[in-house]
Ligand SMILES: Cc1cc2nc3c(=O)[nH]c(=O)nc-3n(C[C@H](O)[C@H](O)[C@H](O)COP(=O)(O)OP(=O)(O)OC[C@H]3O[C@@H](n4cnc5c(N)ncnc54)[C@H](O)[C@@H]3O)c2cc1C
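Single chain ahead, by itself, as structure tokens, in the form predicted alone.
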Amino acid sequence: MTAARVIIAGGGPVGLMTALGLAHAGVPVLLIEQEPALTIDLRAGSYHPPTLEAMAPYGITDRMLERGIKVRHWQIRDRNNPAWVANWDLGLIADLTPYPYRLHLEQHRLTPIILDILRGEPLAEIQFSARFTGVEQTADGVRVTYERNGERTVVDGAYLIGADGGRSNVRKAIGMPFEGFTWDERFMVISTSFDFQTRGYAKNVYLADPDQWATLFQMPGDVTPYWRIVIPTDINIPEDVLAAPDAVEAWLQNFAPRADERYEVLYNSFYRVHQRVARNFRSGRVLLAGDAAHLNNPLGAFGLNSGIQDAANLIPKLAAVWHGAAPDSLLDLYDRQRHTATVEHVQANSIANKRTMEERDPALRKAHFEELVHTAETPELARRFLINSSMIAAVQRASEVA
């Protein structure tokens, strides 16, 4: 069985989800992760309805709901004009999903849930501190090399899945082009205990501004909720200058003054943002998923969600091929479906969202917000908007590709 197992590189949520789904479907898997333990990612943490549906059959979603914050109502606002507020109600799509809300839960609280369930699967083997170093393909399998505790190991498998992040060594090993571009800004994440609902904000807000837009998410803390704020920063200013306590305090006070009371800042961090898509999500017996296959900016919360949706699409196809119930060409359909959904929805919408948030032309900004407010206040139009923004349309589009 070891030669027939599927090897997965990457122990993030996409790799863990794929391993769990395959093992649950009777496919033996070996998951290798180069870090010694699960990592703490302070970026992703907002889950759309189709993603919650994809994880529900394995018991993941129910456990997420024990800690997560349900967000039925969210907003798009303009920082400079308080009249420009579009209020969205995901209850309008309650007939389409059992989860008519966004669920907020940090990624580093999701991965332990999946890992715990995965450890209960007898067909799953997990190795940490195992760094993927190479792959060779044969007519009927793959030979994967990795290093663990200073030792080189070679293992055979039926397929290899690269779910090892934006810098994917698997993608590089197969020479797959990663086409697109990198945004000029560096994004900064600020977390604070202050409750922005006291200022009229929903639990998830996108604030447009030509000079510095912002996004706000209420997240579940260890005791009480906290708020995560994402803003773009000048790439030419050093991180230590931007993250200095007085600089962060000054930004927060400018954003929401507190009359001589300082903010409690829990942490801050930085990351670069890319818009890139692998030319193909399949190369022979090697498949790509999640950030290894595509990267996008965070405006819309599409990144991790689309990765989990990759896994949900791939699992039944690869399981059917592995069990001999479908031809190997079924994996080409995974490539076509997920590549199409990524380009037409994830990339297109996240780019459009960012450009809208930072639009400088006053007339265009006014026209856009008038249209947004009208859409949000018209149930039929709002429903159509929410089907798209919640990624239901993206999943539907993938299923249409033959």
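The first residue of the shown sequence is 1; numbering continues from there. These numbers come from a predicted model, not from an experiment.
Below, we turn to the form predicted in complex with the named molecule, even though it does not appear here.
Participant: Can you work out whether the named molecule is within 4.5 angstroms of a heavy atom in all three of Pro49, Lys70 and Gln75 in the model of the complex?
Facilitator: No, the candidate spot makes no contact with the named molecule.
Participant: For Lys366, is any heavy atom within 4.5 Å of the named molecule in the model of the complex, or not?
Facilitator: Result no; Lys366 lies far from the named molecule in the model of the complex.
Participant: Hey, in the model of the complex, is His108 touching the named molecule, heavy atoms inside 4.5 Å?
Facilitator: No, His108 sits far enough from the named molecule in the model of the complex that none of its heavy atoms falls within 4.5 Å.
Participant: Using a 4.5 angstroms cut-off on non-hydrogen atoms, would Leu22 count as touching the named molecule in the model of the complex?
Facilitator: No, Leu22 sits far enough from the named molecule in the model of the complex that none of its heavy atoms falls within 4.5 Å.
Participant: Contact with the named molecule in the model of the complex for Thr39, defined as at least one heavy atom pair within 4.5 Å: yes or no?
Facilitator: Contact with the named molecule, yes.
Participant: Identify, from the list Ile60, Ala44, Leu30, Leu372, the residue with a heavy atom within 4.5 Å of the named molecule in the model of the complex.
Facilitator: Selected residue: Ala44.
Participant: With the named molecule left out of view, choose which of Trp183, Phe255, Phe196, Tyr271 has a non-hydrogen atom within 4.5 angstroms of it in the model of the complex.
Facilitator: Of Trp183, Phe255, Phe196, Tyr271, the residue with a heavy atom within 4.5 Å of the named molecule in the model of the complex is Tyr271.
Participant: Please pick out the stretch from 311-319, 79-87, 131-139, 244-252 that is in contact with the named molecule in the model of the complex, where contact means heavy atoms within 4.5 Å.
Facilitator: Comparing against the named molecule in the model of the complex, the contact stretch is 131-139.
Participant: Within 152-181, which residues come within 4.5 Å of the named molecule in the model of the complex, counting heavy atoms only?
Facilitator: Heavy-atom contacts to the named molecule in the model of the complex: Ala163, Asp164, Gly165, Asn169.
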